[in-house]
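Okay, so here's just one chain, in structure tokens, the form predicted alone.
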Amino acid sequence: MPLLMQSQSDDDQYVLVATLDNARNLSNILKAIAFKDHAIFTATPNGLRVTVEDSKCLQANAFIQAAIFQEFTIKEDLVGLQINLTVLLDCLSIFGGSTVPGTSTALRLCYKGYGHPLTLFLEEGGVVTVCKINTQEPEEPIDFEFCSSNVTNKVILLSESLKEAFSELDMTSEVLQITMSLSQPYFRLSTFGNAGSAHYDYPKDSDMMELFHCTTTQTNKYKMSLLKPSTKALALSSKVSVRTDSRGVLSLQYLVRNDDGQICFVDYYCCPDEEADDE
């Protein structure tokens, strides 16, 4: 393959080189967080984290572990850059994102460091396309200070059941209310839309619930406009972990399998709607 057989001497000029036999394994996971134009890329020896934020109230992170790449070479402890995510996704699908069995677009991603563009070499069927995307100084991502030691409640659901819940709730509601309690209803999703109130309850011994861990009864409301972007990740995932901490900050972690069966994670953090709490 011409793309992946470039001489190693070319790599000396780059601080980051990552290759994938199938570019869709990257583009699919990035689509799950593509609700704003710009994204912060943070590369470490463990892999790549891509962060997108909105209104200081919502943050999404996609984690692509180093082992998922056929090659992942980084010469610094941390490489950070900001990039137009919409442009990157357009480049990754430059060959049309073929779904024909046996055909895939190979990707070689290279970065020389601060001030340089992100260079993509894309190859399919012997044709190589080179894309150069301007990079910016990365902004510091918001630290939601969400740590496992501060988690009060956690459930793990099969994604199918959460999709079913969203299809039955009233999505004209401005907020989604999440209740986790030690007694019934245990785990409840509620909306308050044009058609009135709607509730979707999960028994704690439901086949759709893999884990139920509740230490205190909590009810919080979250702006639906902030949660809707996470449905992109939900559509791709097989499981979702729903956690809240003592402040009511919500963590949604989606387990996503790529085309090769490897596991990636997409995290969403969302602050509770304080205006709704004041009502």
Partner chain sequence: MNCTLEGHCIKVFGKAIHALSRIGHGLWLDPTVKGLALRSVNSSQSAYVCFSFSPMFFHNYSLASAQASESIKCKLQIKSLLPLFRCLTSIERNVERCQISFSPHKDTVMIQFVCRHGITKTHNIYYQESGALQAVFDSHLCSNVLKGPARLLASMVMHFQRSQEEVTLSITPLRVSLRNYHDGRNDRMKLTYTEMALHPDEFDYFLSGEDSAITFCLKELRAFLSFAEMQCLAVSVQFDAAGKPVCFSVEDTVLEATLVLATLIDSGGPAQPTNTPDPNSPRRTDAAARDQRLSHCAGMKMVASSQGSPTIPSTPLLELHNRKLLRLGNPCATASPASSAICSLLFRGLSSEQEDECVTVLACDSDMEEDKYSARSPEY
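Keep in mind it's a predicted model, so treat the numbers as computed, not measured. Positions refer to the first chain, counted from 1.
This protein has a second form, the form predicted together with its partner chain, left out of what is shown; the following refers to that one.
Item to check | Exercise: residue 196 in contact with its partner chain in the model of the complex, heavy atom 4.5 Å | outcome: Yes, residue 196 is a contact residue.
Next on the checklist: Whether residue 167 contacts its partner chain in the model of the complex should be assessed with a 4.5 Å heavy atom distance threshold; does it?
Outcome noted: Judged by the heavy-atom cut-off of 4.5 Å, residue 167 is in contact with its partner chain in the model of the complex.
Checklist entry - Does the 4.5 Å heavy atom contact test between residue 202 and its partner chain in the model of the complex come out positive? => result Residue 202 belongs to the contact set for its partner chain.
Next on the checklist: When the contact criterion is heavy atoms within 4.5 Å, does residue 145 count as touching its partner chain in the model of the complex?
Outcome noted: No, residue 145 sits far enough from its partner chain in the model of the complex that none of its heavy atoms falls within 4.5 Å.
Item to check | Options 88-96, 204-212, 103-111, 119-127; stretch whose heavy atom lies within 4.5 Å of its partner chain in the model of the complex | outcome: Contact criterion met by 204-212 only.
Item to check | Candidate from 82, 161, 73, 181 lying within 4.5 Å of its partner chain in the model of the complex - any heavy atom | outcome: The residue in contact is 161.
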